[in-house]
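Only one chain is shown below, in structure tokens, and it's the form predicted alone.
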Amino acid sequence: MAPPNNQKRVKGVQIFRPFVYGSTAKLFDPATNPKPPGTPEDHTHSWTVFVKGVDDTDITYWCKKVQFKLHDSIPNPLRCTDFPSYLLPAKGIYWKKQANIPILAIEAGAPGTPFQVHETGWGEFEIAIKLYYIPESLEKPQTLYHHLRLHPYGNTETEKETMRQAPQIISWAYEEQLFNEPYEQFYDLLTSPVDRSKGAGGKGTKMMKGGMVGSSGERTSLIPLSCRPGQPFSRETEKAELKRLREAQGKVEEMTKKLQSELRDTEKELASLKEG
């Protein structure tokens, strides 16, 4: 899309906004997760794929809609959530066409609720997630890829066993959307505070569950200070990850020094053999 003549980019400015995407899956169980009526016999899990704000903050002031491309074997594999949706049954499910392709679209829930799709199935596959930005951004859509996880996974058997004991399989990723030199109007939207005047629809400031000051309508790049159930991404986890990276870097440096020492010893031995 060509920008209007009066639109200029804000030079030398980068703005990022954190968000979370991924999936949650749960094994069907007569007591804890019964199959909905009409579910195919061979389906073993219910699952949800989503895009949402960190700590359930609102992202609709920069993300207009999200399109999920599911496996072709699933009916209506191209799903588009124009606005965040509540858990099914969603408000206002309707059909529309995009480039002559039928798309199942789900209307809005409340700000701060996820863009999400709920399904059932038996197999894992890759989901293409396309983010569409608000018109004021004048930016092209971007695509992410997520592998739907239905079964325990991990690098070690301990990690897999821990996941087996959990009530559901969680596969989430933290991401930061970077807007490089945004257009002026979009920059104003990204950086202007939410209107909290009486009758303007703004929500009062509150302390969020993760220890962050804000609300579900806050326009912020902040993430929570600490973790809570259902919210694994925070400054606390960031510090833990940095610590793991430093420890791993230290191990690599030790291994490198050991290999270099062994190499020098080997070269000395080879040189002495040649001289002898």
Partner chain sequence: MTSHDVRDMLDLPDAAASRPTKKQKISTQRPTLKGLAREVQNLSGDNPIAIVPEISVFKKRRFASRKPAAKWELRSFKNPAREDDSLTLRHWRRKQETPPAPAGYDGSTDLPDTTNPEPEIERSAFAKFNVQVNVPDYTDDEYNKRLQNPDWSKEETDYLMDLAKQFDLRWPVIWDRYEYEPIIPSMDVETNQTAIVVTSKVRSMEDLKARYYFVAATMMMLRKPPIQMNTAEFNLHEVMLNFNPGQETLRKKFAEAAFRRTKEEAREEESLLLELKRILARSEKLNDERRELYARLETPPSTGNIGIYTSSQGLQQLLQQLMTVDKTKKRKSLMVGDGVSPAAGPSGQAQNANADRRESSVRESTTGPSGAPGKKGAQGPSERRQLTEEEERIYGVSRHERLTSGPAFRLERISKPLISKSAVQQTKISNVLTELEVPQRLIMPTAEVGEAYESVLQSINVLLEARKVADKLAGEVAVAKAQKAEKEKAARLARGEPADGDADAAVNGTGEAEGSEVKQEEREKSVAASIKGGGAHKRSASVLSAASDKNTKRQKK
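Residue numbers count along the first chain shown, from 1. Here, rigid core means the biggest group of C-alpha atoms that superpose within 1.5 Å across both forms. What you see is a predicted model; the values in this text were computed from it and never measured.
What comes next is about the form predicted in complex with its partner chain, which does not appear here.
Q | Listed residue (Ser221, Thr32, Thr39, Ser226) with a non-hydrogen atom within 4.5 angstroms of its partner chain in the predicted complex | A | It is Ser221 that has a heavy atom within 4.5 Å of the partner.
Q) Using heavy atoms and a 4.5 Å limit, would one call Glu124 a contact residue for its partner chain in the predicted complex? A) Answer no; every heavy atom of Glu124 is more than 4.5 Å from its partner chain in the predicted complex.
Q. Any of the heavy atoms of Leu178 lying within 4.5 Å of its partner chain in the predicted complex?
A. Judged by the heavy-atom cut-off of 4.5 Å, Leu178 is in contact with its partner chain in the predicted complex.
Q | 4.5 Å heavy atom contact, Thr237 to its partner chain in the predicted complex | A | Contact with its partner chain, yes.
Q: Indicate whether its partner chain has at least one heavy atom within 4.5 Å of a heavy atom of Leu242 in the predicted complex.
A: Residue-level check for Leu242: yes, a contact with its partner chain.
Q. Pick from 244 to 252, 66 to 74, 42 to 50, 23 to 31: which stretch has a heavy atom within 4.5 Å of its partner chain in the predicted complex?
A. Only one stretch qualifies here: 244 to 252.
(Q) For a quick check, can you give me the residues of 7 to 30 that have a heavy atom within 4.5 Å of its partner chain in the predicted complex? (A) Sequence-ordered list: Lys8, Arg9, Val10, Lys11, Gly12, Val13, Gln14, Ile15, Phe16, Arg17, Phe19, Tyr21.
Q) Would the C-alpha of Gln14 be classed as shifted by 2 Å or more between this form and the one not shown after rigid-core alignment? A) Gln14 C-alpha, core-superposed: shift of less than 2 Å.
Q. Is Glu247 among the residues whose Cα moves by 2 Å or more between this form and the one not shown after superposition of the rigid core?
A. Moves: yes, 2 Å or greater.
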